[in-house]
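The chain below stands alone and is given in structure tokens; this is the form predicted alone.
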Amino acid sequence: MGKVAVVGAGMTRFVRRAQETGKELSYLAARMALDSCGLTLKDVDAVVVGSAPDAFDGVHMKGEYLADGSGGWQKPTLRCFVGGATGVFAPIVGWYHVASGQFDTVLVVCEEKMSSCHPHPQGAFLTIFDHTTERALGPNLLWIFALEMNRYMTVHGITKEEIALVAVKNKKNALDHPCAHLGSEITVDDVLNSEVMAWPVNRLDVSPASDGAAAIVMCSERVAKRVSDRPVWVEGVGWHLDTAYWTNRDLYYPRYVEYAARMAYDMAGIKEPRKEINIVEPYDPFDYKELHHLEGLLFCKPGEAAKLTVDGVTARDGDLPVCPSGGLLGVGNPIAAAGLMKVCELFWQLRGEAGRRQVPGQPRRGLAQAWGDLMQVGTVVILGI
């Protein structure tokens, strides 16, 4: 397999109700990514589109709907979809396109327009569970995550105050992101006193439903060295699909993330993630999930991630910066675009182009992770310079 680089990135603002259509959001992100590396659509051999359920944009066959806005007109175009994990799976698909030797330059575009789902995105999730064993209960993601959060807290003796520190950190980090939906200065008490959605989940524990798009340009080594003097290389990719029956798993630990991480670490030759990775963008649709995923990514033992946050290790200027972008909690959560936003953030951080979000020193390797579908898909991408 050939070496693959990311040479350009772009993203729209993440907002509550975008005036642009999904096609237009895709176009804007794709245009910015191409402009950032001096390429045009004529230079693109293929397009990978990532987007979650069709219901979120209010259209059927959303891959076909988004294809032209994403730059796929009269080009090989593939849509991938693994729920919330899509935004990190799409660059894995792009990596395969290029590493296989089939294409030299691939444009990866992820988009979501959550405001187009009526009456609310949660309505779409009522239909995805098992029709016999689960759907009769009227499940939604909030109360399933509440079950998981409670189990995680109970097993490890973690407090809501410790978990709330993640929301405080990420929303503050997002104040420095020009595309952020909900950057703000909040306190632990603000989180604890916000509306209870499904105990122990409060409103400020949860990322917002957002509209937006993100895009990256991926190239073969030959093209990357010609078009960029600072390519960022894909060093490892990994994914794992666990059982869709979440009731059959002990929710205190995300094994799907560990297996995906181990696959990526093996490819990148990483033996000690905590020492060899400088910056991490784990998937944080809920504040406890950042901690949950850090443990699955093997940055600490199960139950120890909360202490890393309390001790400031995961702060932007800490020993292991986690979500310096602001993550989904601060930047926003247009599902597929949220995951690719994290890959964009690594690209900018590794090139020293993150502006006020730039972590101190010169990070040389970063990891992006996403999670989704029926809470059983883990996807990981490792980038380095």
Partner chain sequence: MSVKITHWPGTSLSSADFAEGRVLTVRGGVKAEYAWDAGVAIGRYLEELKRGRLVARRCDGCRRVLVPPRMFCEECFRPTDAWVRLADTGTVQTFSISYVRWDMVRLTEPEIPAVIAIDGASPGYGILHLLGEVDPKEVRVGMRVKAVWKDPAERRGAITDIRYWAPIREGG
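The model shown is predicted, which means the values in this text are computed figures rather than measured ones. Positions refer to the first chain, counted from 1.
The protein also exists as the form predicted together with the partner chain; that form is not presented, and the subsequent description refers to it.
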Answer key, the partner chain contact in the predicted bound form at 4.5 Å (heavy atoms) among L175, A315, L142, L192: the residue is L142
Exactly one residue in R274, R262, R151, K160 has a non-hydrogen atom within 4.5 Å of the partner chain in the predicted bound form; which is it?
R151
Answer among 276-284, 262-270, 175-183, 161-169 for heavy atoms within 4.5 Å of the partner chain in the predicted bound form: the stretch 175-183
Partner proximity in the predicted bound form: D104 to the partner chain, non-hydrogen atom cutoff 4.5 Å:
no
Distance check, E221 to the partner chain in the predicted bound form, heavy atom within 4.5 Å:
no
Under a 4.5 Å heavy atom criterion, is R364 part of the interface with the partner chain in the predicted bound form?
no
Please run the contact check for L298 against the partner chain in the predicted bound form: heavy atoms, 4.5 angstroms, yes or no?
no
Let me know which residues along 319-355 have a heavy atom within 4.5 Å of the partner chain in the predicted bound form, or say none if there are none.
W348, R351, E353
